[in-house]
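A single chain, nothing else alongside it, follows as structure tokens in the form predicted alone.
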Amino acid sequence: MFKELDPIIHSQLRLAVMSILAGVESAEFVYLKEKTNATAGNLSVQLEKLQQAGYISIEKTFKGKYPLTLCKITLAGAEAFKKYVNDLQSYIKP
């Protein structure tokens, strides 16, 4: 029997973001945009969904005169991502 995969993480872009954030302390919006090849608008929408689910935190500040958006995986997000990966692995185990 296959386990149900978390629909919040299962989206391709949200999965990419979670994968990146799981391996770093935090990441700037511009970095995530470059690494995922997403448009700014689409990335913003997907980050908002992850934030609403409690999987990431978003901090908006300034770097000099320029806006800076930092994203960080939360403890709940790290646990959900680990569960997602484990559930996905159950699909490929014989």
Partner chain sequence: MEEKSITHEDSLKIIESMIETAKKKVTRLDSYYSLMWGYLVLIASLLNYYLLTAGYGQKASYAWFLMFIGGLASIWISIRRNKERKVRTYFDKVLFYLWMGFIICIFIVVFNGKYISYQITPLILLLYGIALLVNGGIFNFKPQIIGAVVAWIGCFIAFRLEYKDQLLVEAAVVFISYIIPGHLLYNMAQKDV
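Numbering follows the first chain given and starts at 1. Quantities reported herein were computed from a predicted structural model and do not represent experimental measurements.
Just so you know, the form predicted in complex with its partner chain exists too; it's not on screen, but the next bit is about it.
- Taking the partner from elsewhere, Glu28 is found to have a heavy atom lying within 4.5 Å of its partner chain in the predicted complex.
- In the predicted complex, its partner chain lies farther than 4.5 Å from every heavy atom of Leu75.
- Mapping the unseen interface onto this chain, Glu59 falls outside it, with no heavy atom inside 4.5 Å of its partner chain in the predicted complex.
- Of the heavy atoms in Ala38, some are within 4.5 Å of its partner chain in the predicted complex.
- Residues of 11-45 placing a heavy atom within 4.5 Å of its partner chain in the predicted complex, in sequence order: Ser11, Gln12, Leu13, Arg14, Leu15, Ala16, Ser19, Ile20, Gly23, Val24, Glu25, Ser26, Ala27, Glu28, Val30, Tyr31, Glu34, Lys35, Thr36, Asn37, Ala38, Asn42.
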